[in-house]
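Single chain ahead, written as structure tokens, the form predicted on its own.
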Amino acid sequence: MNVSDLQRQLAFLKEIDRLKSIVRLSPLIDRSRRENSAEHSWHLALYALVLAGHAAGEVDVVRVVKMLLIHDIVEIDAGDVPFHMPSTHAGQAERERLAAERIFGLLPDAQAAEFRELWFEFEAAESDDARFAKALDRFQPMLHNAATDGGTWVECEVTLEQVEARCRPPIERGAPALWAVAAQLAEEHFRERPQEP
């Protein structure tokens, strides 16, 4: 490794500090504030370490952790687009792809290629590793919402049907046992808080 590679790595590490400034809709469980995308990624990496035994397939936990640590870095450029706000979704996939090219491109070529490949694999959610990572990415906000009396579900007037349509397929595909837990939590919340007709 030469000095220019090190300089590129340090430039990348300085750039991704900006992820701490991307505020998500999801509140912290203590409700003191909303979480940021860097916290979300760190939390998901720990979910992978703790919950790997519940993956639907054989997973390489280190690869899953890598995916989860980098999956939202693109939000530095593209922003966080909550699924509760479909009007903001137009063009998001292209903004994220361009962000992946720019941000990962700060790294030395081999690392840049590895990170881009992991990011695209996560987005496609076709491998066992990516399916499990995607499941965790949908599971964690469900736990936060259940633990905060509905959190963004209430704030954005989300229905149980919308939660199930968004979260069930990826969670059930990547970690069926986690879907069973998440579904029960969501059903309990919406049963206790009936939706208006």
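These figures come from a predicted structure and were not determined experimentally. So that there is no doubt, residue numbering starts at 1 and follows the sequence shown.
As for the form predicted together with another copy of the chain, it is not shown, yet the points below apply to it.
**Prompt:** Tell me, which of Ala56, Cys156, Leu143, Leu160 has a heavy atom within 4.5 angstroms of another copy of the chain in the predicted bound form?
**Reply:** The option sitting close enough to the partner is Leu143.
**Request:** Check, residue by residue, if Asp30, Glu39 and Val62 all come within 4.5 Å of another copy of the chain in the predicted bound form, counting heavy atoms only.
**Result:** Checking in the predicted bound form: Asp30, Glu39 and Val62 are all within 4.5 Å of another copy of the chain.
**Message:** At 4.5 Å between heavy atoms, is Arg166 in contact with another copy of the chain in the predicted bound form?
**Reply:** Outside the cut-off, so no.
**Prompt:** Are any of the heavy atoms in Arg131 no more than 4.5 Å from a heavy atom of another copy of the chain in the predicted bound form?
**Reply:** Taking the distances in the predicted bound form, the answer for Arg131 is no, it never comes within 4.5 Å of another copy of the chain.
**Item:** Lys66 within 4.5 Å of another copy of the chain in the predicted bound form, heavy atoms
**Value:** Judged by the heavy-atom cut-off of 4.5 Å, Lys66 is in contact with another copy of the chain in the predicted bound form.
**Asked** Just to confirm, Leu178 within 4.5 Å of another copy of the chain in the predicted bound form by heavy atoms?
**Response** Yes, contact at 4.5 Å.
**Item:** another copy of the chain in the predicted bound form - contacting residues of 46 to 74, heavy atom within 4.5 Å
**Value:** Contacting residues: Leu46, Tyr47, Leu49, Val50, Leu51, Gly53, His54, Val62, Val65, Lys66, Leu69, Ile70, Ile73.
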